[in-house]
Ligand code: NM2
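Below you will find one chain, with nothing else, as C-alpha cells; this is the form predicted on its own, and questions on how it binds or moves follow later.
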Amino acid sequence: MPDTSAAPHARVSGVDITDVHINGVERPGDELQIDWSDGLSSHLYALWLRDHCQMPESRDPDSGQRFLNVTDIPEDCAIASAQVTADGGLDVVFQPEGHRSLFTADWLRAHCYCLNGPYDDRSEAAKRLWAGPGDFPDGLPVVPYADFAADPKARLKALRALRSVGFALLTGVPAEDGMVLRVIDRVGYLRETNYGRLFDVRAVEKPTNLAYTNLGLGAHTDNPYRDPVPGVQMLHCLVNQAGGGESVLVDGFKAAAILRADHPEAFDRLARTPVNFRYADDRADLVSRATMIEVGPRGRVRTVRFNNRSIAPLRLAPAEVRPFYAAYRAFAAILERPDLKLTRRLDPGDLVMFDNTRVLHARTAITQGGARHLQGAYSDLDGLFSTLAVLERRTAP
C-alpha cells in the first residue's frame, strides 16, 4: 500500500488532529478502506464517495451544489483504483463510469461516517443542561451590548451560550423602540408573526393574550400553536418601574431529563402523545398538533413545547386521558420546582435571548403600580447556527 509523505492539518468537531495522515488504502469489494496514521480506519461505501465527489464535473465550484442526482450514479458503482497523492490526498477512479475524483485527507477525515457520529447537535446530547443558578458558579452568560455589537469574540461568547445553555443576557442595550430588531440582525433572521415584526409586552385593556396583563405567568414556551415554533425569542426591557414582574427561566431539557429519570412512563407518554395547541383572535386562528416532548431518532430530547394557556381541548382515546393527565401533571410540577428556576429582574437596557424550543420563561405577578414595557421579537435556530458557523470560521480562537 502506498504511503503519504505529507501530513495534512485537520479539525474534526472542533478537535485539532494535526499530523494525522493517510498511511494507506485498500479496496475490499465496494468499499474503500483508509488506514490513518493514528491507528484508526475508515470504511467508506463507494456510492457514498461518488455522491460526494468534489470535482467540477460533479459539483458547481461556486455554490458547492451537486449537478448529479443520486439516480444518475450507476447502482453497481465500485472503486476501480485508489492512490495516495503527493499532497497526501486520495485519487479515486470509479467503475463502470471511469470517473476520477480527488479528495483531500482533511475532507475525508472530517466527514468520515465511521469515525464521526451522526449529527445530533440540536438535541440534549450537545447541550449543557442546568438546574438553577447553582449550575453557573462563574456567573450567568452576560455580555455588554457595546461589546456584542463591535467585537466578534464577544458576539461569539453570547451566541455560543445561547446554543449551549439556551440563553444569554445582553446589558446596556439602548432602551429605544425597535432595538430588539437590530439585535436579531446580528443573530439571524427575523421571524415575523401575526403579532408583527416585534410585539409590546405591557398591560392593556381587553388583552388578546395573558402576557398583556399584570398577572404572573407560569413557565411556558411561546407559540406552540405554530409549525414550526419560533426557535429564538428575545425580550428587551425598555421601562420597568413596577413592583414584581421578575423574569424566570427554566431549562426544559433538564426538566425532561428529570421526568425521564423519575417517571419514565410519563416521559414516554408525553413523547408519543400529540396534543392540540391553538391561538385564535379576530385576525388569526393558529393550530398545531405536536408532542410536549419531542425526541429524535436516537431517543434524545430535541424540543419541549409547554404552554398551559394554549392547549386546545384534548382528543384522546378514553383509555389515554387519565394516564396522559398524570404525565402532564408530573412534568408541570417539575417545571415549577423552585430549584430549577433562574429569576432576575430585567432593568431598562437588559435584553434576554433564549432558545424557545428548550428554555421556558415565566413572570412573577406585577404587584405594584408603575410602567413596565418590554419589546419582543422572534428569530429561528437555523439563522443562529448559520451566524455561529460564519463567526467561528472568521474569528480566531
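Just count from 1 along the sequence shown to find any residue number. Quick caveat: nothing in here was measured; it's all calculated off a predicted structure.
Although it is not shown, the form predicted in complex with this ligand is what the next lines describe.
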Does the 4.5 Å heavy atom contact test between N209 and this ligand in the predicted bound form come out positive?
yes
Does this ligand come within 4.5 Å of any heavy atom of Y225 in the predicted bound form?
yes
Is F199 part of the interface with this ligand in the predicted bound form - any heavy atom within 4.5 Å?
yes
Partner contact for R322 in the predicted bound form: this ligand, 4.5 angstroms, heavy atom
no
Among R298, R100, R315, R309, just one has a heavy atom within 4.5 Å of this ligand in the predicted bound form, namely R309
Within 4.5 Å of this ligand in the predicted bound form by heavy atoms, the stretch out of 191-199, 146-154, 101-109, 123-131 is 191-199
Relative to this ligand in the predicted bound form, which residues of 366-383 have a heavy atom no more than 4.5 Å away?
Y378
